[in-house]
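Below you'll find only one chain, the form predicted alone, shown as structure tokens.
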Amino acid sequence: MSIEDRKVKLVLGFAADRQEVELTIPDEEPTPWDLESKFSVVGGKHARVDALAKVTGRAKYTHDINLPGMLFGGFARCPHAAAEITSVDAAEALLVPGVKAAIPMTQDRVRYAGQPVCALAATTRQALAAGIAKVQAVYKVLPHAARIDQAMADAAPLVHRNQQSNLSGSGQPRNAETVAAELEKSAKVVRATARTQVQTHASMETHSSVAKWDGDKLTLWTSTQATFGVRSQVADALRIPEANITVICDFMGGGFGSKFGAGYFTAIAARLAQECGAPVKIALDRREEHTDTGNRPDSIQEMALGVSTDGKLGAYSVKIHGTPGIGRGAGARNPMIYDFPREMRAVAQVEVATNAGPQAAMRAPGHPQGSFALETIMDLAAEAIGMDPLEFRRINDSNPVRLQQYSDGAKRIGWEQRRKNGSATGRFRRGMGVGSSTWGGLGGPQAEVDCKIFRDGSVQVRNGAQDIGTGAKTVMAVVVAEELGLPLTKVSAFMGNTSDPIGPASGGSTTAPSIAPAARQAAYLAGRELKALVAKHLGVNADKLLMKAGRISTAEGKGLAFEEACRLIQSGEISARGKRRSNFRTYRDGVAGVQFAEVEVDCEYGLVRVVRIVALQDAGIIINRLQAESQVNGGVIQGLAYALMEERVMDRQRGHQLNADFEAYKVPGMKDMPEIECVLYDIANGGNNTSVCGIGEPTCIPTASAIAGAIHNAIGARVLSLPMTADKVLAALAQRESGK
């Protein structure tokens, strides 16, 4: 320990599981918040700092950026799921009045319908559409495999020419034989195959970029989850220094994981703008958004679980197939929770290439798929041994937070009134189900934040990462206001410009826990400098001064109002930069969540109405309760859509997506909303100086699982594939009634 380090004692955990720990932290780091910390701003319900701009329309999204002389960019796309390109000729397109440039997309093979083959820029959208129609592309059409069943079939057309099969990955884990032998010894073995669908991100704001050159300097307005990532990728694509690029994302209308990369369209917008000597905007339409910007992979999960008569989990075997389209990365996290004996798990992951657009990270990648299958086998195992499914989870889950959530959630949903599976009668039958989740969400070190205190008493906090709509600006402002003892209205927060300090990509629920600790340290350092000025002015020890309720004073009350103190600043401002450290030793890795669902099933038509969701979520130390509740509500709604509605449908013959619009691709509306009860748990995890964790991901993981369990309880039969549409519900009912 250096002489500048200090030891601090913290109380971590939550009311039912308190732990005292001692940490060594640097002198420039504020003492981490813990269970003993008292707050005046943190934990309250605050409107977002940009709420007024959004509701009045002053907020400018990338789609709203319209520059003088701006051109519109777009793409000619291949209509075939698989083809060799013989030629692409844009000569006639360039003759269309208003078309200013055309750039062929260099390639010799197309692997999915909708893949771009030529980019154009024009003075109007009408001229752009006319130019795209004039692009002459000649193809040699090839056999395709656009669906997972086609790609897995014998003698299926190869998606990638340099591979011998569409399947890749290990289909036989090394401990498969051991697990199989243990399964044979189990008191009860339950087997099931669960399927999940391809889900597209369906962001309200489609992918879009505006590029403008000023000499050799490039400014990009883009709807992105990674401003600094876009800067780096475009610099590589154009072979120019990152210092020559500024990326701006003031407001962003949803991404859910699909907007990490710059995307081909951003670099193309920059190239078109350079060639034309004018700004260029490219905004994908809804069909392009569905087919060419990513999706959540599907899965087929074949499971076998051994369980003892007293309900203890034993050997577990699962083989998972999933398609990433033409991309990579289609795994499902199964198992992800519960106390499975580590040496008794055999998990095989196999990727299946298809002639479809590539997958992209989507809210809690791999977890919703894994959760649906895992909770299915858990419910079936509980039923097989005659045990209540909630009790079955309790005895197989050692996580103290989830154990508390099981108890609290059962009371709130009225679990004691839950009937035995399939015992309800009549046309409308109600049931209850439960699902659990886990996630990381403690953030990482790549974040810096500037805090400035001005002579007029105003405070500004800045970071160059993006606020993707979840309220990261407000998180920074609340943390700084708390540290400086000010009301939230006194702090202005700015994000979304790479001219400001570096910040993280918004993924993995890492934004808040990455920037909040850096913001607090910046405010702590700036406040310490201001306290030194006050101490000198008053003739007191700076260590004795407190920043509270808009004053800087001793415990006895000797001090100045914050605005008076700021007049002591001679240079015009105090500026400090906070940097995110690596995580401290934490109370518990990851965050825990449980959801309970109550549904009503119309057994005549197979329709499912979700009546109520009780969502219980570990949220670290909650910075803004209103935002945290909003995150939970959003996750539940997206989970409900995954459970009952959303599904990409691919045409077997042509390889096209058949429902690439919001008329046929169903997302929930107001009438589909259940009552959502959000129960947040303040958990002092100690992982960073604010104990902040991210909750964007875990809140959507168990929703579909809980709804599936509730349907099972209502009708006495399990629907084994998502989405659980009316035809599947009726089929499950018919199978049960036939005794099969």
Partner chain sequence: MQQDSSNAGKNPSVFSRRGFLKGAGAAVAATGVLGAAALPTDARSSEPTTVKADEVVPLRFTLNGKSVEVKVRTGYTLLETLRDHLDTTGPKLACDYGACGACTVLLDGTAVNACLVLAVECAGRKVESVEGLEQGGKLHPIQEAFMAEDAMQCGFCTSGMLMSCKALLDRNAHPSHNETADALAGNICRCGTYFNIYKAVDRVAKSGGK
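Residue numbers count along the first chain shown, from 1. Given the structure is predicted, the values throughout are model-derived calculations rather than measurements.
What follows is about the form predicted together with the partner chain, which we do not show.
| Can you pick the stretch from 659 to 667, 536 to 544, 597 to 605, 444 to 452 whose heavy atoms fall within 4.5 Å of the partner chain in the predicted complex? | One stretch meets the cut-off, namely 659 to 667.
| Even though the partner chain is not shown here, does it sit in the predicted complex so that L403, F428 and R612 each have a heavy atom within 4.5 Å? | Not one of the three qualifies.
| task | Answer yes if any heavy atom of E205 is within 4.5 Å of a heavy atom of the partner chain in the predicted complex; otherwise answer no. | result | Within the cut-off, so yes.
| request: Check whether L95 has any heavy atom within 4.5 Å of a heavy atom of the partner chain in the predicted complex, and answer yes or no. | output: Yes, L95 sits close enough to the partner chain in the predicted complex that at least one of its heavy atoms falls within 4.5 Å.
| message | How about E482 - does it come within 4.5 Å of the partner chain in the predicted complex, if we only consider non-hydrogen atoms? | response | Looking in the predicted complex, residue contacts with the partner chain do not include E482, since no heavy atom lies within 4.5 Å.
| said: Would you classify H201 as touching the partner chain in the predicted complex, given a 4.5 Å non-hydrogen atom cut-off? | reply: Within the cut-off, so yes.
| said: Please identify the residue among N633, T178, Q107, T193 with any heavy atom within 4.5 Å of the partner chain in the predicted complex. | reply: By the 4.5 Å criterion, the partner-contacting residue is N633.
| Pick from A81, V307, I468, V280: which has a non-hydrogen atom within 4.5 Å of the partner chain in the predicted complex? | After the contact test, the surviving option is I468.
| message | Can you list, in sequence order, the residues from 355 to 392 that come within 4.5 Å of the partner chain in the predicted complex, counting heavy atoms only? | response | Going through 355 to 392 in order - heavy atoms within 4.5 Å of the partner chain in the predicted complex - there is one hit, M362.
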